[in-house]
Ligand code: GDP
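Take a look at this single chain, the form predicted alone, given in structure tokens.
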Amino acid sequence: MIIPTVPTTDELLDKGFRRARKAASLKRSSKIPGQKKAKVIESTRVQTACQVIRDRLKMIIQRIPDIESLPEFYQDYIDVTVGVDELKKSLGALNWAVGILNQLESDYMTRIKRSKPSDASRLRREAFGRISSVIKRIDGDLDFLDFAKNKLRNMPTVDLDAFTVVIAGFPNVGKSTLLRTLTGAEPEVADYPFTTKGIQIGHLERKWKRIQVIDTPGLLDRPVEDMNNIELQAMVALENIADVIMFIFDASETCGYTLESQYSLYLGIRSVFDIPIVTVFNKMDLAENVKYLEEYINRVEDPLKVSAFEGRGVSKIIKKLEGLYEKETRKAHDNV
């Protein structure tokens, strides 16, 4: 979601009043009867200032999409990043200011029109004071929207229609290496509010199939019962886009986590997500205690044994994902 540039209170007022002076200058050079000119000039300044400031606020409001109309993944993203309620509150404050500026423009245009020429300047100054007061009341809301703009500028572009595989597992089990090997290119790295490391997005394209692969380092890398609210919201958000979870075990334990700990995380992830899980034992080239390893390999269904670094066994993962893609496609077709 792209939020347009948000001006400060001073920038907004300066632009409105500067444009108002320019509009008034044009009126001064026009052929208007002397008794009417002062009132025309001052009413033009009020009208122009209100219009310029109001139009800028409306542009900001209109360019920010309705949060509730966005896919749930992006709603959760925005909520965790900046807070949906706070964003709505600030947009509501700008909308309030637009309404007040409408009233001020109408009120002071009428008052200046009915006033003596000698009172027109005083009424315009009074109107400018009221305009300034209104805009200063939304100073905090403009600051917040500018903050939101900076936080949301790198929102990841996720293809919500693509068949999506989310990679899960502890740190250093080879998730990023596997992603690069699968997609054949440097994946896009995007900031993600649920983790300080960001997510990585890659695409696997084979035989007219487009599979989106997402790695979430630092997110699904500890037992579910130890996750905080933000991490749990992240899991809910990813559940909205994930068609498959690919859980990676480090068969060598060189990641620093025992296979028992990894298996515990695997069970936690399986209990949360009601979607297919592809289980991959990576770093098989470094595994030494085969008997100990086989104990855990035998605990999971249809495990795949690979070495992402060497590229061994990766073709089996691709074949498995293609099969799941075709199964999902057939199911979607049957439901039409």
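Treat the numbers as computed from the prediction; the structure is a model and nothing was measured. Don't overthink the numbering: it's just position in the shown sequence, from 1.
Although it is not shown, the form predicted in complex with the ligand is what the next lines describe.
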>> I'd like to know if residue 286 sits close to the ligand in the predicted complex, meaning any non-hydrogen atom pair within 4.5 angstroms.
In response: yes
>> in the predicted complex, is there a heavy atom of the ligand that lies within 4.5 Å of any heavy atom of residue 43, even though the partner is absent here?
In response: no
>> residue 175 versus the ligand, in the predicted complex: is there a non-hydrogen atom within 4.5 Å?
In response: yes
> Wondering, does residue 292 line up within 4.5 Å of the ligand in the predicted complex on heavy atoms?
Replying inline: no
> Are all three residues 170, 215 and 309 in contact with the ligand in the predicted complex, where contact means a non-hydrogen atom within 4.5 Å?
Replying inline: yes
>> Please identify, from 275-283, 295-303, 66-74, 50-58, the stretch that has a heavy atom within 4.5 Å of the ligand in the predicted complex.
In response: 275-283
